[in-house]
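Okay, so here's just one chain, in structure tokens, the form predicted alone.
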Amino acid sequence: MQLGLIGLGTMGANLARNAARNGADVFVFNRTSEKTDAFIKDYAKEGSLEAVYSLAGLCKTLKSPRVIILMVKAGDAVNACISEVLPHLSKGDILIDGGNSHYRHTERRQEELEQKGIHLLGMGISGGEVGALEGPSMMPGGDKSAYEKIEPLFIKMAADDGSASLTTGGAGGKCFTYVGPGGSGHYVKMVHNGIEYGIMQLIAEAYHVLKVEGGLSNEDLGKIFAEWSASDDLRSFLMEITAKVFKKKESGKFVLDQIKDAAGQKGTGKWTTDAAMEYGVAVPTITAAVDARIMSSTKEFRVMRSGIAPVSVEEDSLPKEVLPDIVRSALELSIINTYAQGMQMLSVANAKEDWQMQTSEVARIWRGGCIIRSAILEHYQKAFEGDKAASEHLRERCSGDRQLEWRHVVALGAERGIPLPAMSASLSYYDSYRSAWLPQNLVQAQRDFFGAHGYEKLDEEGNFHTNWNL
């Protein structure tokens, strides 16, 4: 199969090498010819890799129907790239947007290109630079016939999903599947990134408690996170790299201690919270993670305010020797509920957009290659396949002593003035969904009082209004 690739940044370059290693004839184009030449010089021996120096030349070289993947920055760069390459395309050609485009933008572009007979697949790709080369998780959405044309190559390029380890047996699969029509592929990647935000913030909060309250060193933290990463319940890519971060030194100093505590973001977390509002889904952990990054960016203001000491409880509420185990429970249960928020976002959007997405398949292709790959996803995959035992396992993990430990850690943060926005949000999310009654009857009464918005009753059908001043 022939593949054209536009954009030789880190992800694009490694994806091109991946395709060539898996038997594709890959033709690469980059706006700067110097980067193209350097790429060919370094990697031409890995497979069939050939440079082209114009978009017209790329399209002339490829046989019809052409398959071209765009690995350019989301937004205006995608619009510009499509506009420039479009005059050189023919009916039936396939463009793949492999960047982090907003799913609504993908839908608009699909509609415009369909009028010209061109297919556009919006394909989320996760795994970072190593994943792009060795096997990422890929989430394509769009025209099903276009997907079927690219499937033979991209399924070879994708990561293994780890399902061979399931108790049911089997040979395992690949982290590549047809998500659904329209912008569903980029929607799934957006939710993936929202979950990623949440889990990263939760891990950071666990670090905060253990460092400040537990007084643990980077060496201690590296050992603890390595142990957690090797466990059945917390095994994940993010836990694995966190353990390595704690251990890394340069010039005799821990790199982590030299990094400014102000986190950046590219917008996909915010997109997730925006979409959650649109679909009416609560994602408090993800929202808290976005807020935490925004708060961290106000470094000067925080330093100015740091002299205000919290009024905290003096006596130890948790023995320091048991703190790691208790924080472990809080972290695991918070992560479980973060995945739940993301899976609910998939389910609700799937129903409203009629994508006919297989949510269990999304959980499956997230089990390998991608940034949020985790042992927990096996249980979500099975649960969405209808396995009641898997659902019960997730429910039981959040019960008993572990739930009590979760509450202790959140309470400890409040007592000691340690901000735990994502852990607190996860616990509130859990408590809200297990509550048969919530106090929003009072909110409805207030709304009706000042705005005559009306309310529903428990024992009668219809919409009611009360004159509260009489």
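Every value quoted in this text rests on a predicted model; they were computed, and no experiment measured them. One rule holds for the numbers: they count along the sequence shown, beginning at 1.
Only in words, not in the display: the form predicted in complex with a small molecule, which the text now covers.
- In short, of 295 to 303, 74 to 82, 251 to 259, 222 to 230 it is 74 to 82 that has heavy atoms within 4.5 Å of the small molecule in the predicted bound form.
- Scanning Ser54, Asn441, Thr32, Ser432 against the small molecule in the predicted bound form with a 4.5 Å heavy atom cut-off leaves one residue, Thr32.
- Out of the listed residues Asn100, Gln381, Thr242, Asn337, Asn100 is the one that sits within 4.5 Å of the small molecule in the predicted bound form by at least one heavy atom.
- Across the proposed site, Gly9, Gly12 and Lys189 without exception bring a heavy atom within 4.5 Å of the small molecule in the predicted bound form.
- Proximity of Gly128 to the small molecule in the predicted bound form falls within the 4.5 Å heavy atom cutoff.
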